[in-house]
Structure formats: C-alpha cells, structure tokens
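Next up: just one chain, as structure tokens, the form predicted alone.
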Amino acid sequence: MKKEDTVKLISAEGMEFVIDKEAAMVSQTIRNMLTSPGGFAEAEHGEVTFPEISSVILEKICQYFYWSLQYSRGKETEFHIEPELTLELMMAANYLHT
C-alpha cells in the first residue's frame, strides 16, 4: 500500500494508527482536514493528531471506520461497543462527525 493511500491518526498518548485513507474519510472532520485547500499540515503529512482522544477510543474509532465501509457495501454485521466506552465514544464521534 502506498503512503498516500494511508493516514496516520495519533492519539493523546502518542499512539499511532495507520489506516486506509478511504476508511479515514468516513469522518467528515478528517475528510475536511485532509482535503481542504490552504496547505494544512494534516494534508501535507497525512497525519492527524487528536490530543483529546485516548488510544483506546481512537482504536475503537478506527475499527468503526472499517465497519462503516463494510456496512455501506452491504455487509451487515454488528458493531460491538463496550458499555464503559460509550460516553467517550459518543463525544469523539460528535467531534469527528461520524
């Protein structure tokens, strides 16, 4: 996979998640960061840092991005969310417009 086909998402703790750009584009916020004109650093480097999102939550968000792609292609499966993550996931999803 080419570097330009991936995006690196960085959590508050500095953990890096390299995912397909197509999956990252599920998020309207990430899509705007990577495609808006104006030479934003995120678009230049293909990296987005989330200083307010923990590694555990960002990992679950990445899983959701891939699940959402599969769902949009007709593969209907459940997406399990641990109850203890619900509030943080809702806040992150709101910020990411997913």
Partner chain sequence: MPVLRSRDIPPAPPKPPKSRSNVDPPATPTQGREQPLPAARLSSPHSLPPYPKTAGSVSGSAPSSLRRSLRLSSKGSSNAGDQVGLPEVEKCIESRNGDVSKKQKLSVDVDGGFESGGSRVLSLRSGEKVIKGSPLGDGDDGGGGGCDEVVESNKKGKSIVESEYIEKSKRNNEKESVDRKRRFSREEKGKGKLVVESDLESKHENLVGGSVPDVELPAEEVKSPDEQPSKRSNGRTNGGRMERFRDTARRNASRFAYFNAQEEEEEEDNNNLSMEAEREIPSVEEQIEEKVVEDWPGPFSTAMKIIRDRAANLNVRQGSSSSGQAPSVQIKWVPQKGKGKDGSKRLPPSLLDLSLRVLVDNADAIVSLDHVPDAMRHKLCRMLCDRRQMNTNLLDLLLSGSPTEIRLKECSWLTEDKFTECFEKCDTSNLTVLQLDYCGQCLADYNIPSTLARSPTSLLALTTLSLTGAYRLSDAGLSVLVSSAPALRSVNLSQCSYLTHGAIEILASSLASVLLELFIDDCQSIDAMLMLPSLKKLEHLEVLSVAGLESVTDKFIKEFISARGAGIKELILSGCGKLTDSSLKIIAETCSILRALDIGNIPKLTDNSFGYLASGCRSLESLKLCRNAFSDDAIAAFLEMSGEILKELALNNVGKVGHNTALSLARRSKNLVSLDLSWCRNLTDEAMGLIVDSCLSLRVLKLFGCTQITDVFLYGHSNANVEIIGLKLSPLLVHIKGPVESPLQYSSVSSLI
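Treat the numbers as computed from the prediction; the structure is a model and nothing was measured. Residue numbers count along the first chain shown, from 1.
From this point on, the text means the form predicted together with its partner chain, which you will not see here.
- For the marked spot (83, 87 and 98), a heavy atom within 4.5 Å of its partner chain in the model of the complex is present in each of the three residues.
- Contact annotation: of the candidates 55, 29, 49, 68, the single residue with a non-hydrogen atom within 4.5 angstroms of its partner chain in the model of the complex is 68.
- Among residues of the shown chain, residue 13 is not one whose heavy atoms approach its partner chain to within 4.5 Å in the model of the complex.
- Although the partner is absent here, residue 36 lies well away from its partner chain in the model of the complex, with no heavy atom inside 4.5 Å.
- Along 60-80, these residues reach a heavy atom to within 4.5 Å of its partner chain in the model of the complex: 61, 64, 67, 68, 71, 72, 76, 79.
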